[in-house]
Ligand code: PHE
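In structure tokens, the next block holds one chain alone, the form predicted on its own.
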């Protein structure tokens, strides 16, 4: 049977040049690094640690872990599994695996690709701020213990049309150069270098943060289980975060899965990706919150923590400017891995579904992102008064992608995999066609994907729409 399959693949290469040109990750380790790089992003640096601390510490983390096993991880497994089976981009994967050509399952891929594009439209702007702060920290212009000064520095950046567009376009140009080099020489090679550096820098800052006087208050904020804060709203937050943190529902894992090797153990590897993502989040919390509490600052979420509070915190400690530079460097590394996976979704679709090559597909995607993304970049300056449904373009892209497209995409991925593609195909794919003896794990995943994940994703969707 394997001889026939190999012969069929070779014949397919001769018939279809696109298959011949298609590459994947060169090594299993490279696939792991790239997938972790996709999951790890700016949310790991400030959002997860803050939400954990504000919603019960260790109690919240326990709910988050359970939710990840029920929501985020099953969808990740389904996406990577189907991408590897189809060996195609997110849209074509759903076309290939659909039990009937008349069924519009390919719209799931369209939803994912659109979500990836809209996220990039505003994520490149936030990443541009991070890259700008690397240079600002090197110059010493952020070295002030007064939050009013750091607040003014942040405001001058985001309200300047020139700076906003410049840094967004710098980010787009950098990502384009990496994507053009291909999957193994571009994405894989970059993430294999950046992730270890990110971890090293995090550990260095952790050591400094934990040795500050009064750092224990930050540890209590993160790890003290306070079940009184574990309200219904906190549980819903944990469930939603478990889904959004793993970069699922946006076509990235389907696209990356199509580059995985045939003999890679998907359930085992995705579990390691999930735990690595959590570890980075916790290390980021250890880097930030002991220092925040040591110097008497408030642990607020969002840009105010990342771009206003953090510079003031580092300015308050000896050799603070050095640690500030290291912090924004590692933050830029985290942003890069996530952006590459998002960028690859539309590039893979254009390169494989049209006659344009990878270089042209990358340029077209970058130009479109520069045009659409500029409306997000200018949302705090020249387009601040332009709103749709009361939202600036930045907020609108965020809302449509995060609150609508991602949970809808994840919901239909789990429904398609569990109920239409079916248990038999899942067993074949996750056992590497009988090469792995993991029946118990696969059976558990099938039950969760069919019965548990869809219900929880409906809750995530209703919560995002403000209904629940």
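C-alpha atoms forming the largest set that superposes within 1.5 Å between two forms make up the rigid core. Numbering follows the first chain given and starts at 1. Computed from a predicted structure; not experimentally measured.
Keep in mind that the form predicted together with the named molecule is not shown, yet the notes after this line are about it.
S.K.: Looking at the partner-bound form in the predicted bound form, is residue 341 within 4.5 Å of the named molecule by any heavy atom?
M.R.: Result yes; residue 341 sits at the interface with the named molecule in the predicted bound form.
S.K.: With a 4.5 Å heavy atom cut-off, would you call residue 250 a contact of the named molecule in the predicted bound form?
M.R.: Residue-level check for residue 250: yes, a contact with the named molecule.
S.K.: Does the named molecule get within 4.5 angstroms of any non-hydrogen atom of residue 39 in the predicted bound form?
M.R.: Residue 39: yes, in contact with the named molecule in the predicted bound form.
S.K.: Within 4.5 Å, heavy atoms only: does residue 183 come near the named molecule in the predicted bound form?
M.R.: Contact check for residue 183: no, nothing within 4.5 Å of the named molecule in the predicted bound form.
S.K.: Out of 414, 55, 67, 44, which one falls within 4.5 Å of the named molecule in the predicted bound form, going by heavy atoms?
M.R.: Contact with the named molecule in the predicted bound form is made by 44 alone.
S.K.: Work out which of 333, 133, 167, 123 lies within 4.5 Å of the named molecule in the predicted bound form, going by heavy atoms.
M.R.: Contact residue from the list: 123.
S.K.: Name the stretch, out of 341-349, 158-166, 102-110, 211-219, where some heavy atom lies within 4.5 Å of the named molecule in the predicted bound form.
M.R.: Checking each option against the 4.5 Å cut-off leaves 341-349.
S.K.: When the rigid core is used for the superposition, does residue 427 move between this form and the one not shown (threshold: C-alpha shift of 2 Å or more)?
M.R.: No, because once the rigid core is superposed, the C-alpha of residue 427 moves less than 2 Å between this form and the one not shown.
S.K.: Taking the rigid core as the frame, does residue 418 move its C-alpha by 2 Å or more between this form and the one not shown?
M.R.: No, the C-alpha position differs by under 2 Å between this form and the one not shown.
S.K.: On a rigid core superposition, would residue 33 pass a 2 Å threshold for CA movement between this form and the one not shown?
M.R.: The answer is no; the displacement is under 2 Å.
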